[in-house]
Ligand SMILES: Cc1cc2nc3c(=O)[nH]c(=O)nc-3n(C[C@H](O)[C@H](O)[C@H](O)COP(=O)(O)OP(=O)(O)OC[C@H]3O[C@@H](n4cnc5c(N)ncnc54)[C@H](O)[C@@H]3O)c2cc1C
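Taking the form predicted alone, here's one chain by itself in structure tokens.
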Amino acid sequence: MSDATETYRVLGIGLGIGEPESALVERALAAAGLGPGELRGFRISRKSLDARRSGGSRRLRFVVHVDLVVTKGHRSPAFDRALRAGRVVRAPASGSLVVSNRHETVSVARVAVVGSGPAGLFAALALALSGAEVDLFERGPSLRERGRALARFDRTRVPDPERNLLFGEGGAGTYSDGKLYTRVDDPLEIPILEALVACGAPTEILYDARAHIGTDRLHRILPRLRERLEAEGVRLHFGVRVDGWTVRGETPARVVSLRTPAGEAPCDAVVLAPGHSARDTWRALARDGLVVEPKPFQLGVRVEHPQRLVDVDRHGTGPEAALLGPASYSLLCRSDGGTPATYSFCMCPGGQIVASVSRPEFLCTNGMSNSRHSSPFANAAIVTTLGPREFGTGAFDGVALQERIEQAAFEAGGSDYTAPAQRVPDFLAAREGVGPLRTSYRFGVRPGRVDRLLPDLVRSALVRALVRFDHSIPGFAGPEAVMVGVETRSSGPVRLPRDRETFRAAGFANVFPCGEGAGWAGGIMSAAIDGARAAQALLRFGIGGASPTSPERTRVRRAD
């Protein structure tokens, strides 16, 4: 937007299923009281499906917010009425990944970014675009080698601790849906999405309220993002695990190098984005002085249904439904008394369930789907939240609980990555189920007592929620619904406390924790935003300064 223009957002424009988006221009101008000659620019800012029932019937349509660019200072009686009525509001300003007012200590600094998930990738990009010297360290391999390692796991059922679905280029999100919808409203969201579009993502992610790239598309986008990072001067080091760091003993402490199997890696600052499954990294850095706190995390199961069951409930059976593709859902059962809230997370329409494994003899399930959603199954995590009150106040007590449940799930499936599975009616009745069970999980399932793998509080919360969800989607708790394995890694169970403003880790002058593995995000977009924010804090406030006195302890922002 130029200095001579300003942008306003027109809210709630209706668009029929199958209608061309060009119809939005005329409707938005009419709602804003503007004529075509007064329009200087137009873009869709948000588009969501309205599938609500009204009076027993359903009328599918899209609800769209659009941004209109007009001459700065434009006013007319009709436009002023639209502003007063709330149909039109001033559009929020878009941010930038670039920081122009860098602190003087950054000009010659060498910044190490640890982790190549969304937080690490966009921290590295923000740093490089702003002129910093960046080394990005990733314990896992680049995407191609990572794919080969996963193919070997599929053939042999022997996981590689360093090359798997959780570690490698792109982080754990590389083998998920690539969901980009978030509850975070942040000026950095648009520049991050624009960076992904420039690397090959569909332009719809800029405004789709349920933006989804797909695992297959992510695998084409990530190499292009890597090329952009390298073009900006970022040095990428794949297959280099950080086992600790060397600290110069002053107050606050300063990290002067990272310890890796290949030797010491000198650095002037560290952006720490380790991912939600970097358990050994957390422990190693805690031994070297990093403050680690327990935090609440989500625990539950993967539930799978025939996709047609979800489609019929969400979209109906009319001709418009066929134009929409596989349907999704987002369900919530609020807390009641001593029973915590339970909700669906990472819902994968037309997807499949995968083994989210980084260590031998542990089993956790997750979901993914490709851009075409071609599977006949729909799956989602159904999770509730446990905190230190339930699992203990030690820094790694939540990790210990995750590991106990994952080991029990591995054994319950037969100790070969076959997953224990249980029909939802059997889970509700706390009884042994029988096969055969048809699911999308490629290693196969074995009838078992999934209910016995979960803590009592989690089990009771899921029972209450599943009954409630069956009222929302008839058949959700029916005989076609199957629980597969356990879902223990929807979020990390630790937090690395940091200063609210500078993002510096407690007790350190030059360590900036961010993303899911640091306990400050809960999804691809929120992690990417948090990584970019951490990088920008480093650029603005520099390296050094007093030890943080106000470590932030806000709720992790979840994506779904």
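Since the model is a prediction, treat every value here as computed from it, not as a measurement. All residue numbers refer to positions in the sequence shown, first residue = 1.
There is another form of the same protein, the form predicted together with the ligand; it is not shown, and what comes next is about it.
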For this chain shown on its own, do V114, V354 and G522 all sit within 4.5 Å of the ligand in the predicted bound form, going by heavy atoms?
-> yes
Which residue, L125, V242, L196, A380, has a heavy atom that falls within 4.5 Å of the ligand in the predicted bound form?
-> V242
Consider the chain as shown here, without its partner, and state which of L97, L165, A201, L453 has a heavy atom within 4.5 Å of the ligand in the predicted bound form.
-> L165
Heavy atoms within 4.5 Å of the ligand in the predicted bound form: which stretch among 276 to 284, 465 to 473, 147 to 155, 428 to 436?
-> 276 to 284
Partner contact for F137 in the predicted bound form: the ligand, 4.5 angstroms, heavy atom | yes
Touches the ligand in the predicted bound form: A532 (any heavy atom, 4.5 Å) | no
Can any non-hydrogen atom of A172 be found within 4.5 angstroms of the ligand in the predicted bound form?
-> yes
Evaluate N366 for contact with the ligand in the predicted bound form, applying a 4.5 angstroms cut-off between non-hydrogen atoms, and reply yes or no.
-> yes
Going through 489 to 517 from first to last, which residues have a non-hydrogen atom within 4.5 Å of the ligand in the predicted bound form?
-> G515, E516, G517
